[in-house]
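Only one chain comes next, encoded as C-alpha cells, the form predicted alone.
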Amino acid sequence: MTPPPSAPQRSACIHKWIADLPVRPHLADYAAGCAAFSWDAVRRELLGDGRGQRMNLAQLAVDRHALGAAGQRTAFRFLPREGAPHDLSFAELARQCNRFANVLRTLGVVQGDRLFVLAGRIPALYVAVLGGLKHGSVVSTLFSAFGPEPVATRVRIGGCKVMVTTATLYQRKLAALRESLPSLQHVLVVREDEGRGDGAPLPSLPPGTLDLAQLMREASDAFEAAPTGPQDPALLHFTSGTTGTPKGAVHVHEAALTHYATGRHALDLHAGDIFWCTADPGWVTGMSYGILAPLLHGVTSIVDEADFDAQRWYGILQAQQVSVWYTAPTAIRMLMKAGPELRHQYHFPRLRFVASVGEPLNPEAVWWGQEVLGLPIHDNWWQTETGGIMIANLPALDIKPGSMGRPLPGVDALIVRHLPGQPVEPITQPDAVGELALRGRWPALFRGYLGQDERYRKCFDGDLYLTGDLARLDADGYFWFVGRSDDVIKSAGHLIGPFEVENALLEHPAVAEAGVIGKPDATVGEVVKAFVSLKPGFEEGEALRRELLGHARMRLGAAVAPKEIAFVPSLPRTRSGKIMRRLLKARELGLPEGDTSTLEADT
C-alpha cells in the first residue's frame, strides 16, 4: 500500500496490490467476480443439491457446521464485563438452540409468532435469536438501553408474543406497562445471578414471568428445524422514523444468501478467521454481521459484553487475535481521541482487515487507520431495509478516502433524479448529485413495513428501490454519500450535503465531532450552521470560531462553508453511531423532536 501522504494530500487514493495483502481476497478480480456472480449460485453453495422449498436461517447458520467436522469449533467467544472468556462451540450452540426451540413449542408458540429479545450481549440473547429462528418464530432484538415507552411501542407494533429478557430489564422496562401489552403472553427471564455457584438462594422471579434456565434444563436438545420457506418472515428490524412511530421492517429466511455473500465479498471472511463485530444486536448490523454472517461462514465471533473502552478494545484485538474487525465511525473517532500512544502499547499482528458502517466515515479516519492501526479502514453502505451491505470499499480495490466504495456483486446501484410527481430518471453524468437507487430484488431486501403498506410502496418505483439517500457516482465507479434527502441544505440555489461540510471541519486539529444543518434564512433559503465538539486541550471561544469558519471557507468556498458555528459538548447520535441531524435542527428551531428512542442514552 502507498505510504500515508501529508494532511493536505489526503484526498489521494490508497492504492493496493494483491501480492501485498496477507490473505488473497475472495473478490480479487472485481470485474470478473461481478460478471460471474448469481444469487442462484450462492443458493446452491449454501443448500447443496437440495432445491426444495425449505430454507431456515438458523439451520444454515448453525446446524450446517454443528453436524459436521466443524462441530467443536468455537462459534462464539463471550467476554464478560469481568472474569474469564466463555466459549460456545457450534455443536453446543445447536443443542442449546434446540432446547430453546422446544421451550417455545411447550409454551404453545407456533411458526410465525413474534419473539422479542431485550438483553445485553449475553449468551442467552444469541441462543434465543437462533433457537427462535429454528423454531420458525419471527425474531426481533431490542436495544437494552431503550426506555420503557420505546420498548412498549415496539412490542405493540410487532405483536410480540414472547419476550426474553433479564430480571433487571423486565423490572425497569416492562413490568409497569405489562397490562397495556395484550399480545405479550410469555416473559422468559434470565436471572443475572444464575450460575454464580456460591450456594445462596436465588431471588424470586418477578411476578408473571418464567425462569428461562429452568425451562431450558427441562427441554430436550433434539429439534428438527421448522419447515420455513425462503419467503417466510424471519427477522423484524425497527428503524427510527423522522417523525411518528418506528417502522418495523420485515426480512425473510432467504436473507441468509445476502448475509453469506456479503460476509465473503465485503468482509472477506475466510476459514480460521477470528471476527469481531462491535455492533449491538439491537441494531441490524449486530444481527446481520454480529450473529448471522460469521456463523454462516463457520468462523469464530468475539462478543464483548462491556461498553466501549479504548484500552479494553485494544486489549481484545491483541488477546483474542482478531483478524477481521467490523466497527462504527463513532468508535473509531473515540479511539482517535484516545491518542496513538495507547494504541502502540498493544500488538495485534493477525488483524488484516478493518471495516466500518453506521454513517459515512470521514477521510481523516480512513488515513488514521493506515497510520495508527497499520491498516486503512474500509467504509461501506447499507440500510436496515437492504438487510445487508450493498456498497463497500473492498479488500482488493483501491480506497478513495471518504467514498462509500463500489457495489458488491449482485448489486445494481445507480443515481436517479426523483422529483415529486415526475418519472424517476437515471443520471449518467459523473459526479451529478441525485438519489441513490438499487435495481432488482436481492434476498435480504425487506418485504414490508408492519402495518404501513403505503409507506412501503413509496420506497419503490418499478424495479427500483429508492433509498432516500443522496449520493454521486464518480467516473471511476465509486459512490460518494451526500446526505439524506431530508438533510440536504438548499442555499442560494446550491444543494449542500452536510457530510461534505462535516468532513472539512473534521480536518481541523481542534474538532472531534461536527454536525451540520440548514437554518432557514429569508434571503437565501437556508444557511449552513455547524455544531462542533472539541478535542481535549482546545477551548471554545470567538477566536477559535473565526478560525474554524476561515478553515471551512478555505476548504469549501464561501457558498458551501458554514455561516454559523456553535460549540457543544457532544452531538446527538443513535446507538448505531449516526448523527441525528434532524434532532439538531429541531432543537435549533424549537420544533417537535419526533422519535428519539434510538438516541444514545448519555446525549
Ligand code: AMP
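So that there is no doubt, residue numbering starts at 1 and follows the sequence shown. Since the model is a prediction, treat every value here as computed from it, not as a measurement.
Below, we refer to the form predicted together with the ligand, which is not included among the displayed structures.
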*So which of L267, L236, A94, M404 reaches within 4.5 angstroms of the ligand in the predicted complex, heavy atom to heavy atom?*
M404
*asked:* Can you work out which of P294, G136, G369, P360 has a heavy atom no more than 4.5 Å from the ligand in the predicted complex?
replied: P360
_Under a 4.5 Å heavy atom criterion, is W381 part of the interface with the ligand in the predicted complex?_
yes
*4.5 angstroms heavy atom contact with the ligand in the predicted complex for H418*: no
*Taking heavy atoms and a 4.5 Å cut-off, does D469 contact the ligand in the predicted complex?*
yes
_Using a 4.5 angstroms cut-off on non-hydrogen atoms, would R484 count as touching the ligand in the predicted complex?_
yes
*Which of 94-102, 141-149, 382-390, 259-267 lines the interface with the ligand in the predicted complex (heavy atom within 4.5 Å)*: 382-390
